[in-house]
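Just the one chain here, the form predicted on its own, laid out as structure tokens.
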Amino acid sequence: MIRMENVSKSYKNGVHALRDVNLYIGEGEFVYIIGPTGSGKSTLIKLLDGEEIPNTGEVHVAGIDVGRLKHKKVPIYRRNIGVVFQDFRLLPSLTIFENIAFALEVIGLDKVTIRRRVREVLELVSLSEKARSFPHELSGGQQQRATIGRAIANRPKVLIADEPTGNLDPEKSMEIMGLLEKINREQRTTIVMVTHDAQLVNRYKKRTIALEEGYVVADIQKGGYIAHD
């Protein structure tokens, strides 16, 4: 599903974000990406979602050579992936139903299909009773569940979760992990989760890839790795 071969990325300010990275993440895997600040985690995500292109090497996602995409093709490519951030990024003037529907409207689905899919997603993320609520009326955990719902509405092949529990307390963090595991298990969605949360990494043991100074320094199956703070 995801293949990175000899990938290096540096910026004009002289920062070498990634150095000769080789990774393979199979279809349906759930993988943690960990590492200290400045280790290259954010750059890796930007390469996967097409925001950046590598200086050298190749990035393939769902059979697409992302680094060779023309700029105008990137939005179409992004229909293959969903991205969840720690700060939710819900549209405040829209209800939760409308927020999720918006992700389907932009890809041109008809209204009947959208309504049906939104109801399915709301049930999956346990927010059916909050469909007509606005983001400010929800708790942080509920907002993050809505964000995840919006990200998976179009059934992406890959879900990238960038510190999805970063703004949540431990109890809500466990709820979000349970939801991500459910999506991974039931939808067979490949999940790549960037996190600093050592407790989650060690409680929910999964394959763990550690970055440091742009290098992959560990790739451990089924976790047990102590993440950096």
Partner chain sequence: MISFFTVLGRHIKSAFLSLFRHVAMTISSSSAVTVTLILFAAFLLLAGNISKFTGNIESDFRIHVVLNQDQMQQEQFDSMHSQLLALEHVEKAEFSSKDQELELYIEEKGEAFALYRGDSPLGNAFFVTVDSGDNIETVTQQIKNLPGVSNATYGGDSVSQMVDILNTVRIGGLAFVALLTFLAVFLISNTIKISIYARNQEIAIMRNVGATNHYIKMPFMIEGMFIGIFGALLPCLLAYFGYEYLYNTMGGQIFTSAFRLLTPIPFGVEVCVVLVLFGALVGILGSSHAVNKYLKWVR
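Numbering follows the first chain given and starts at 1. These numbers were taken from a predicted model, which means no experiment stands behind them. Only the largest set of C-alpha atoms that superpose within 1.5 Å between the two forms is called the rigid core.
What follows is about the form predicted together with its partner chain, which we do not show.
Q: In the predicted complex, does each of Ile176, Leu180 and Arg203 have a heavy atom within 4.5 Å of its partner chain?
A: The answer is no; none of Ile176, Leu180 and Arg203 reaches its partner chain.
Q: Within 4.5 Å, heavy atoms only: does Asp110 come near its partner chain in the predicted complex?
A: Contact with its partner chain, yes.
Q: Against its partner chain in the predicted complex, would Arg79 count as a contact residue? Criterion: heavy atoms within 4.5 Å.
A: Heavy-atom contact with its partner chain at 4.5 Å: present for Arg79.
Q: Would Ile114 show up as a contact with its partner chain in the predicted complex if we use heavy atoms at 4.5 Å?
A: Residue-level check for Ile114: yes, a contact with its partner chain.
Q: Although its partner chain is absent from this view, report whether His136 comes within 4.5 Å of it in the predicted complex, heavy atoms only.
A: Answer no; every heavy atom of His136 is more than 4.5 Å from its partner chain in the predicted complex.
Q: Of Asp169, Glu58, Glu186, Glu51, which one comes within 4.5 Å of its partner chain in the predicted complex, counting heavy atoms only?
A: After the contact test, the surviving option is Glu51.
Q: Please tell me which of Ala103, Leu159, Leu127, Val118 lies within 4.5 Å of its partner chain in the predicted complex, judged by heavy atoms.
A: Of the listed residues, the single hit is Ala103.
Q: Pick from 22-30, 194-202, 159-167, 42-50: which stretch has a heavy atom within 4.5 Å of its partner chain in the predicted complex?
A: Selected stretch: 42-50.
Q: Once the core is aligned, please say if the CA of Leu94 is shifted by at least 2 angstroms between this form and the one not shown.
A: Shift at Leu94: 2 Å or more after core fit.
Q: Core aligned, does the CA of Ser133 move at least 2 Å between this form and the one not shown?
A: Superposed on the core, Ser133 moves its C-alpha 2 Å or more between this form and the one not shown.
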